[in-house]
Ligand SMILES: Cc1cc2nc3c(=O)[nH]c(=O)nc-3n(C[C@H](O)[C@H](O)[C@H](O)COP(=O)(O)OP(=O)(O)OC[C@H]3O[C@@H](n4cnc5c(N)ncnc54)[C@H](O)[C@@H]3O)c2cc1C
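Let's start with one chain on its own, the form predicted alone, as structure tokens.
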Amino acid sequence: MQSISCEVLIIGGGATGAGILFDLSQRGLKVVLVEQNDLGTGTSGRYHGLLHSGARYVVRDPASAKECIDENLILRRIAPHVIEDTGGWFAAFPQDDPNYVPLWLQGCAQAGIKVEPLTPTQALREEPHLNPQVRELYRVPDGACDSWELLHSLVQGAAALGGRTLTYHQVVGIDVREGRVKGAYLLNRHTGEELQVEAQVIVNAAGPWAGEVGKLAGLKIGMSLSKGIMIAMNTRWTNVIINRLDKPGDGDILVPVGTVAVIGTTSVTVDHPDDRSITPKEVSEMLDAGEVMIPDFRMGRALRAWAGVRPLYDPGGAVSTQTHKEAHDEHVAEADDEGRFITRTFTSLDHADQGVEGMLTIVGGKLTTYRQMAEKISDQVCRMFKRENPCRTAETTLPTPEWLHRGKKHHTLPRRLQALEHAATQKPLICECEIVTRTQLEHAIHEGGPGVSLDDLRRDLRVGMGPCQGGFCAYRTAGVLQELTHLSREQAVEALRDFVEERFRGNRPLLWGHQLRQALLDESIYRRSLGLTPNPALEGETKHG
């Protein structure tokens, strides 16, 4: 078994784990991050793309609201390249409780969130698709955030300082001897090889898998897993984020992201972090909620549905208690179903009190607050090493990966059409929907290294995420991947088949109308023209959700 050593091992390649990697690397520690899949394949890559102003939480969760607005302003300064400054509106419609508005305005004032009132006439002039029956509107500093670009920037910044990242390495064991962690055992999911990592401190930042990681060290971490589904529509219904000005509920946020708009989300308590099942009822209710904000929303084409699992800290089983409800206004408490009243703030745990020294866990929080979460737990790590290294992440501008942005951002309206008409692309287009060029694809394959998959390239470049959902670009991408990495014919076919099946899994809950016609076209291309056969493993997985 091969082995490597470091001072700190971070488990989990989401925004929090990558943020800790960058923070501790800046402070001069020798750090390794491990992730069982690709970066951002968990909760960080399965959200609606919202950079929170905190306004959503000001009534029921003021601590989270304050964290969000503070970090919102910092992120705009240190990572402007991952943010589209759409702005956000909170809009009250006839179905919404008018008594909630003064509570919300008071909460925004207390959290320090800037609120600008708008008249319905002003709003409809800017966003003509908005429901004209809107009663009240307020502008807040929401935005759209690309989590995958953020993760690449954090990992690149850490690498320049010596921080190391190992993707597709699953933690299969944690070495605990005499009440102290000594390291962990990893399995390389590409090669099947085992790797031992010797570490003095382990930080568990595995999100919804934090409880499973804790079990490897004999620990019990109190968590509540809350699943939320989202649906991508095939056009930007609005260019500003729309939030319902009411107590939080299902389908009350619409986020323009690239060429699409994402509506979300639900909150359903689940037992396992891999539970991403989606029911037709959930989809239908989500589209109905969209009709409140945008009339005829259902007439649009729903491209894809997916789910993410929130890692909420719930040590005392708060889902079944009233303590949280009693602390908040009745207008919030009555809607606190399926764990919505559990705080979205974060918690860091030192497991020395459970007899395992050198093991820390961080759970909860939002992607918007990743940097603050990383700072807090990095402070704890430094205290363990008796070092007084200050955090500098709030003042450090993150690097922009040159390969990622070579010709990127054409999907940002209205520059997309202008870029196409003026031949801004250097090589032929691979993906017309998201304007991905061969130049970008070649760089992404080179940076991805051995074992890079089509799904990895999707996260890097958004290839296959547009209206055709990979119908026309997947086989082109597979061809370039085979050419550059010298895959065998069988390997290339398997890679293409796995990608197409994964895309179809997200389409299945939406097979009606225009989307059904698109799916039948895609099937004709891949099943009949190209002769791809179903992947039995994925077929079985699809049947069970």
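We number the residues from 1 along the sequence you see. Note that the coordinates shown come from a computational prediction; the quantities given were computed from them, not determined experimentally.
Missing here is the form predicted together with the named molecule; even so, the following discussion is about that form.
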Exercise. With the cut-off set at 4.5 Å between non-hydrogen atoms, does residue 265 touch the named molecule in the predicted bound form?
Worked result: yes
For this session: Decide whether residue 48 counts as a contact residue for the named molecule in the predicted bound form under a heavy atom distance cut-off of 4.5 Å.
Result: yes
Exercise. Using heavy atoms and a 4.5 Å limit, would one call residue 52 a contact residue for the named molecule in the predicted bound form?
Worked result: yes
For this session: Would you please decide whether residue 277 lies within 4.5 angstroms of the named molecule in the predicted bound form, comparing each non-hydrogen atom pair?
Result: no
Exercise. Though the named molecule is not shown, can you say which of 367, 431, 260, 454 has a heavy atom within 4.5 Å of it in the predicted bound form?
Worked result: 367
Problem set entry | the named molecule: the contacting residue among 213, 199, 435, 474 in the predicted bound form [heavy atom, 4.5 Å] | 213
Problem set entry | Residue stretch of 22 to 30, 495 to 503, 36 to 44, 475 to 483 approaching the named molecule in the predicted bound form, non-hydrogen atom distance within 4.5 Å | 36 to 44
Exercise. So which bits of 13 to 37 sit within 4.5 Å of the named molecule in the predicted bound form, heavy atoms only?
Worked result: 13, 14, 15, 16, 17, 34, 35, 36, 37
